[in-house]
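Heads up, the chain shows up twice below as structure tokens, two forms, tagged structure 1 and structure 2.
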Structure 1
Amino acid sequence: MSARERILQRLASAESRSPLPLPDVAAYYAAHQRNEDAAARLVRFRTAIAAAHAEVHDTDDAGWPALLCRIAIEKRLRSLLVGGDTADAGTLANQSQLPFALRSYDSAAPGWRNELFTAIDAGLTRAKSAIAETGSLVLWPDSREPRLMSLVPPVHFVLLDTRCIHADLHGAMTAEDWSSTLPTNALLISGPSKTADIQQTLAYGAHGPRELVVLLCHPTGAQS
């Protein structure tokens, strides 16, 4: 028997074995659930993402535009990129006075690549949800808020509804039915871009935004 035949025989034998039983993931997470309410999940999320060098601010649906403008002034931001034809873009466009130029992502990147990479100071996207266990924001980019919006600008603002914070990744996947609705590019963001590849010196902004600013949108009157 040749070496090739022996290898094929071993592969065939391996394929004929009974498959190992699949782990009961749901049972595992059910047995390890924390006894916490929404307020506790918010605290865990906030603590974890702040530890990853993200800025976190409290606001609500009515107050976030003014808060964003104040932060933009403090950071001396001259331009803000918003999604094309989104409710948040419309909210900002309706403000009486903005301290920055508002740029809408309403055309394909190749047509304005130079401006995108050199003249945009910040981008604004809305998170689908968040994960308390890891302090991660869940973003689902689409044609109105493409991946480049959260990747290219030096400062990334993210709006997060505090009612959409899950305990862990499994909770997010099941509650939001990821198995049937998952987009081609789902993002989990746990802080600004960072690396320590060179001489083990931590540096921010190496592969994406150097600053992540999370605007926690509480139900009106429920800010903590």
Structure 2
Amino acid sequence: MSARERILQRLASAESRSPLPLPDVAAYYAAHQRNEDAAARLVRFRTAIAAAHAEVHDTDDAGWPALLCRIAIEKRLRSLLVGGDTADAGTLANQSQLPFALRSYDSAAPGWRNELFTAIDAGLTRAKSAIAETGSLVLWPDSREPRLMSLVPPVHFVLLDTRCIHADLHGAMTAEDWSSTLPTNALLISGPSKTADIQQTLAYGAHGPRELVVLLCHPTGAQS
């Protein structure tokens, strides 16, 4: 018998093992939901992610490239990694006079990994949605915006459509039907990388980005 069979046999023959009823997770979240509109939900998201040391800016679909350039100049960023063949990368490529070098994710290029780890100052990705309760961004990396774009560059810019904010993680999973559509890697990101492993002292930029910059894209015309 293999280890697998022996383990399963021991578990299956355990004493008094009767299946318990399936817990009603949805009922818990329904009982604890808040009566809030989209504006209140946005405030909650923003407060939570700002408390986790993220920078949050308001903009819209037309305004974000200029805002991004302004922040990049302030932070003295010389290079920005963008996705391959995404609408956002196209928008940026069409800008005249970018203050940084635009680099697309090119894992086939010789020396790419070394360049990614040492020569790129910032990455830009789009969030799929967000979670108000914990101030979390939902990212589903894919072939156009690979996983390391949100991890390796020291500064991570995220574009978030403000219409895609869910109350909590359970709400996001249910509304977006995660259980039948999960990609290779799904992520929640709730601030810059951090650690408190040295004498409980909080330090940012442990292994991932030191700075997380959230660009809130409000529907055009809605921004006051």
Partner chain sequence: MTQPLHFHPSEGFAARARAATADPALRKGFRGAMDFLQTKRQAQFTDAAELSDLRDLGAAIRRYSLSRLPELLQQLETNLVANGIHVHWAENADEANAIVIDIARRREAKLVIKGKSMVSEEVALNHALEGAGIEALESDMGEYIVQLAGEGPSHIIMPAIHKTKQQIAELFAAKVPGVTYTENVDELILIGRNVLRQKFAEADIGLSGVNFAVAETGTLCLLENEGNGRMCTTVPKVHIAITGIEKVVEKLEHVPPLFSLLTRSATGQAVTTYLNLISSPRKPGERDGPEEVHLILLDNGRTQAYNDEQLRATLQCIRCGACMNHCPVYARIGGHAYGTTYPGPIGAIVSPHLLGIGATHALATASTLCGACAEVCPVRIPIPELLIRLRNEAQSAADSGSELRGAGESRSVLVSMIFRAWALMYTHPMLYRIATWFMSRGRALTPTAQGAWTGIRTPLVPAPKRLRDLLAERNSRHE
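Each residue is numbered by where it sits in the sequence of structure 1, with counting from 1. By rigid core we mean the largest C-alpha set that fits within 1.5 Å across both forms. Everything quoted here is computed from the prediction, not taken from an experiment.
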Panel number for the form predicted in complex with its partner chain: 2
Shift in Å of the C-alpha at Ile7 between structure 1 and structure 2 after core superposition: 10.5
